[in-house]
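Considered here are two forms of the same protein chain, supplied as structure tokens in two stand-alone entries, structure 1 and structure 2.
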Structure 1
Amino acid sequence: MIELTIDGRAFHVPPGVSVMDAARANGIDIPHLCYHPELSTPGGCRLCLVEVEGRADPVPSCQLPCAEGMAVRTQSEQLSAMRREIIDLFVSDHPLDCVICDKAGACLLQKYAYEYGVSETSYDKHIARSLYQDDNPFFVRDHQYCILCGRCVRVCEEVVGASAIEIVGRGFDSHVATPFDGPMIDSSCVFCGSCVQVCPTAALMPRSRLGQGREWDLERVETICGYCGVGCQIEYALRDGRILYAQSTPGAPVNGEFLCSKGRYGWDFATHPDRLARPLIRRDVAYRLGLTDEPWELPDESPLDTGEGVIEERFVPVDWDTALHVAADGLARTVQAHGPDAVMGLSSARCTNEENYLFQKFMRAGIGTNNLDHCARL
């Protein structure tokens, strides 16, 4: 272990850890825009500069490896002045419409401009990037808010492996683009939304999020994604009970901050009017069990061929204990009357490996049949 001091406090860290990571691991916040803990460190924004004893000039902490006996200072008058100047430069090429911005409350540039008292730029204002691209059903790209931190480019290349975007052009003409600035659908983008997740400003925003309130207006609910058995942690942002967008959370044990396209954008089923909220039993079965007083007979067409209002006519909602009892009783009677090979089991790719193991064990050892299949198609 390496021993160093940060702001007068001594810490022990493993070799190879950067000063930025060591500080964050011990509750010390160093301002940053281009840095992300799960991406490479270009050191481009220069907000994370720190002073190191024995060195003449400040150095970026995201690229500075810890060394034995190193003494680091993250706050000083010199550092504050340098960071204020850097933010001033960013603001000179960035709209200051925070009062109507959907990202207000979750924008890192807004956060640091507030902390360092930069309410307007001291330079000539010039918004170099004005392109607004609304070319896909998942997110919009508003280039006027882009600060060219490169997070989106790096996550697309390093985590997703799609390399769908890159920073092109020079000087004020620099911007994040697909090949030949074509529509996103014509690129290698897989629409996972990881770029939206890591964007520190409002340059990339979920379409479903626009015009739906500020970040502090939204309720947060953490759960586990149900699309497969990986068990990714997911956080839903809600307004008045409606899901606005989904994202992961820092430190999620399985997936980190990243999700696939299904987990990030496939949540509309949660509030779909046709979603089943309770178990249902066919009316003729419910009548035989005494769960309803209305007799009913099977129609000529399949009772599963439902339309508007048909579900209520053909099925009776029950509680889970009743539904499980009916299913177990029917399974047991079938096996007793016709043998274990009269039934089969179909497992689900949305279950965990452990749940699927228990299911096949139940079918083989409990029921006594090898009639078992698995639907791994999502």
Structure 2
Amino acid sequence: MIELTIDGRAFHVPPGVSVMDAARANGIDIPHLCYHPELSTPGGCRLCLVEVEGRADPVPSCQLPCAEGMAVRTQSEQLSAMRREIIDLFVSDHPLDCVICDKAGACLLQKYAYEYGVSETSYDKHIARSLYQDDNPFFVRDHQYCILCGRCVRVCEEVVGASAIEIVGRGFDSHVATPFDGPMIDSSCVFCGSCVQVCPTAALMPRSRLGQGREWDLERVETICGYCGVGCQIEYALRDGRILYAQSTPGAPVNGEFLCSKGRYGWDFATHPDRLARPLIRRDVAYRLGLTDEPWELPDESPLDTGEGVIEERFVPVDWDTALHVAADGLARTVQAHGPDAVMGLSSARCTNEENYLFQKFMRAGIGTNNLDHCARL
């Protein structure tokens, strides 16, 4: 272990750890924009400069490995002045329309402008980038808010492995782009939204949340993704009971801050109008029970070929009592006439442990059969 002091406090860290990471691990937040704990550290934004005893010039802490006996200062008059200057430069080409910005409250540039008291730039304001790319239903890239920190480019290359974007052009022309500035769908983008997750400003935003509410209007609920077996933790942001967008949190035990396109964007199925909202009984059964007047027979048309309205055409809505009665009665008749092994139960790998447990208990202790399977094999 290496011993060093940061702001006068002594810490022991393993070799190879940067001053930035050592500080963060011990609750000391060094200002940063391009640094992200899961990504490589280009040291480009210069906001994380710190003073090291014995060195004339400040050093970017994200690139500075801890060394034995090192004494680091993260706050000083000189550092504050430098950081103020850097933020001044950033806001010289970044709109300060925080009053109407969806990211306000979660924007890192806004946070540091507040902390260092930069209310407007001292330079001539010139917003170089004006491209607004909303060529897909997943996210919007609004280049005027981009500070060219490169987090999106790095996450796409280093974590996702898609390398769909890079920073092109020079000076005021530089911007994040797909090959030939083409639409996202023509690039190697996999629409996982990891770039949106790590963007420190409003340059990349989930399309579904635009204009829907500000950080402090949102309620947040953490749960586990319902798709594959990785078990990613997802944080949903809601307003008035409606999901506005999904993201992840650094503390998520399996996935950290990363999700895939299904997890981050595939939640809107839940409110699709096709959702079953009432118990239903097929028309021929309903007729036998005297719930409808017209006799009916299940048509030969395969469910693979049916169109809209098939449920209304084939089923009658009933109350829970009736539906459960028909189901329980049918199961009981089968068991009485043909024995418990004439019943098969298929449970679901998308249901909870509790539900699957109860299901198999019903099949075994209730019906009395081990004819019980789920989609593990499929």
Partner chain sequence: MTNSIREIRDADCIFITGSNTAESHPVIGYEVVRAARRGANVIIVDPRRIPLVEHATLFLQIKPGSDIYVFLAIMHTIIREGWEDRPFIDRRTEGYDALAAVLEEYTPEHASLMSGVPVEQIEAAARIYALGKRVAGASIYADGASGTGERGHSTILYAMGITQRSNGTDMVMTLANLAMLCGQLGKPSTGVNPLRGQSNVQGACDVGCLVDVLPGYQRVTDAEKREAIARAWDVERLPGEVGLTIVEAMHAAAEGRVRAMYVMGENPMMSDPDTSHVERTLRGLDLLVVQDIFPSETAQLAHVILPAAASLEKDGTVTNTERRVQMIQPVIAAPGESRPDWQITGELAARFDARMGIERRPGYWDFASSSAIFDELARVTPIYRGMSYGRLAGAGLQWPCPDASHPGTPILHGETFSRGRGRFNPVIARDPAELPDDDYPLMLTTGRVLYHYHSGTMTRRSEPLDWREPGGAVEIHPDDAAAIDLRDGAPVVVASRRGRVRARAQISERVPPGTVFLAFHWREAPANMLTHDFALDPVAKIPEYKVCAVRLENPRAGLADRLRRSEGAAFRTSSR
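Definition used throughout: the rigid core is the maximal C-alpha set that superposes within 1.5 Å between two forms. Just so we're clear, the structure is a prediction, and the values are computed from it rather than from any experiment. Numbering runs along the sequence of structure 1, starting at 1.
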Open item on the list: Of these two forms of the chain, identify the one that is the form predicted on its own.
Closed with: 1
Task: C-alpha of residue 58 moved at least 2 Å between structure 1 and structure 2 on rigid core - done: no
- [ ] Align both forms on the core first, then report whether residue 359 has a C-alpha shift of 2 Å or more between structure 1 and structure 2.
- [x] yes
Open item on the list: Superposing on the rigid core, I want to see if residue 288 changes position between structure 1 and structure 2 - specifically a Cα shift of 2 Å or more.
Closed with: yes
- [ ] Determine, in Å, the CA shift of residue 316 between structure 1 and structure 2 after the rigid core is used for superposition.
- [x] 10.7
TODO: Align on the rigid core first, then pass along the CA displacement of residue 348 between structure 1 and structure 2 in angstrom.
DONE: 6.1
